[in-house]
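Listed next as structure tokens is one chain, alone, in the form predicted alone.
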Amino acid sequence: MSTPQAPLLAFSSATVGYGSVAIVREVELEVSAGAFVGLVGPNGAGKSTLLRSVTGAAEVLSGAITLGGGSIVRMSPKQRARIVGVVPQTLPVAFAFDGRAFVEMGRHPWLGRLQDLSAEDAAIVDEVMELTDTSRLARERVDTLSGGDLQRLTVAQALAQRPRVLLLDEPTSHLDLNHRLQVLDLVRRLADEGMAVLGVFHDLDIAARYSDHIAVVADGSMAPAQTPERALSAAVIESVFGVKAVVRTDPVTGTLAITPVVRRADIERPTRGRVGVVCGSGAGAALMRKLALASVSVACGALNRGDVDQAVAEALDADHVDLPAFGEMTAAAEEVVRQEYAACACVIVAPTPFGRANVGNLRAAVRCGAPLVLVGEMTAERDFSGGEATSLWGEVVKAGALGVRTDEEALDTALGFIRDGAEE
């Protein structure tokens, strides 16, 4: 039975900061060989300070940080540089070196005083420049390069150190989409091959896509590192970032995808009124957001779990009846929905398709007694209910329901009903 290896980087009850000012307190974190750990949190929370404490640019005020099993406070800068490479948030001052000379600086921790690069050093530089797609920049002056090219050269320089630990502070902030994927795919591969990676991210989707575990830094402390699914729940995102979001699994990558819906501060105003929305299959998501931003509370009927509209309704705390995925409405659920719609200034029917599972929402709207606003037209492509949806639609059109073409027109019409109700 093999003995578990000690983590390459460990924070043990570590409080870090500058001078006597503590920025992040009592940090507990381990990053082992083969692990990619992401740090996320609001601006100014101390994520970058945690990285700087490893390199000596921030102070360890109490507790301990170990690097490769040794205390960092007992290491010289050269000893640290032989273990840890850094891609900083702020790009280095670009002096008039050429690209290759800039990358070659990454070999300095391994050279003696006034020692020239060996053939082995040159081969390492060639390799990392090829990996980062910077070979073409070898003879370009770095002070003439774009931010993206300089950032990739900075990644190459860090990798030229042959680090066992790699620290990333917003490593792709200047990169285009192609090179962002290239750099992060490379770092993910290096982690899989045994490198320990600790990275700071503002893009939560990117953090979730590449990190094995994520730790949230906020309010002067750091939560324990957890899987992306546990670390970045909708509740955590609202609590830490003040944003109501839909958190789902991306069908292409299989990783977590976070869609911000609204800032909590933008909907913490007194409610102007209440509007019903008949929706489903994502047809009402944008409209619900517009209503929330207009300080209108929403009742959304019965929605299946896994439906985009259900996820948005949940994020916005909109009233709705949860149905199992692919489940059908019961008569009891339909009556609850009818009563909710009856208490609304009007009910907007979004351009959702109707089948036997959800046509009960339309029946409830027709029978609730509130004015109806119909978005778009009822077509054969929308009616999978055996004709019942088309029949109900025709019934309310004859009764004087208002037809509109867009969500914006529906919102304006709903606000008009709310104003009329307030004046009565």
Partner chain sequence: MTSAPGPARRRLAIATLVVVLLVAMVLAVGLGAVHIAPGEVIGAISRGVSGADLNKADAVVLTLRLPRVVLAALVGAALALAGVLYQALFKNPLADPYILGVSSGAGLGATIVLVTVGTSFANRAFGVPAGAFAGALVTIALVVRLASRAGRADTTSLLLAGVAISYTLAAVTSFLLVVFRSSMHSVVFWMMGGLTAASWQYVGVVAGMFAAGLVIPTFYARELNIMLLGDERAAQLGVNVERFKLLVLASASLVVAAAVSVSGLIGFVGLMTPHMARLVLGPDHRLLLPASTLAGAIVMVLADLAARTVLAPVEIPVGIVTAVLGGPFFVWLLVRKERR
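Numbering follows the first chain given and starts at 1. These figures come from a predicted structure and were not determined experimentally.
There is another form of this protein, the form predicted together with its partner chain, and it is not shown here; the text below is about that form.
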Using a 4.5 Å heavy atom cut-off, which of 105-113, 290-298, 309-317, 173-181 contacts its partner chain in the predicted complex?
105-113
Counting only non-hydrogen atoms and a 4.5 Å threshold, tell me whether Pro77, Ala81 and Gln157 all contact its partner chain in the predicted complex.
yes
Taking any heavy atom pair closer than or equal to 4.5 Å as contact, tell me whether Gln161 reaches its partner chain in the predicted complex.
yes
Is it the case that Ser32, even though its partner is missing from this view, gets within 4.5 Å of its partner chain in the predicted complex, heavy atoms only?
no
Report yes if any heavy atom of Arg139 sits within 4.5 Å of a heavy atom of its partner chain in the predicted complex; otherwise report no.
yes
Residue-level contact is defined here as any heavy atom of the residue lying within 4.5 Å of its partner chain in the predicted complex; does Pro88 satisfy this criterion?
yes
Would you mind picking the one in Ala286, Ala101, Ala342, Leu186 that has a heavy atom within 4.5 Å of its partner chain in the predicted complex?
Ala101
Just give me the single entry in Ala64, Val397, Ala57, Ala357 that has a non-hydrogen atom within 4.5 angstroms of its partner chain in the predicted complex.
Ala57
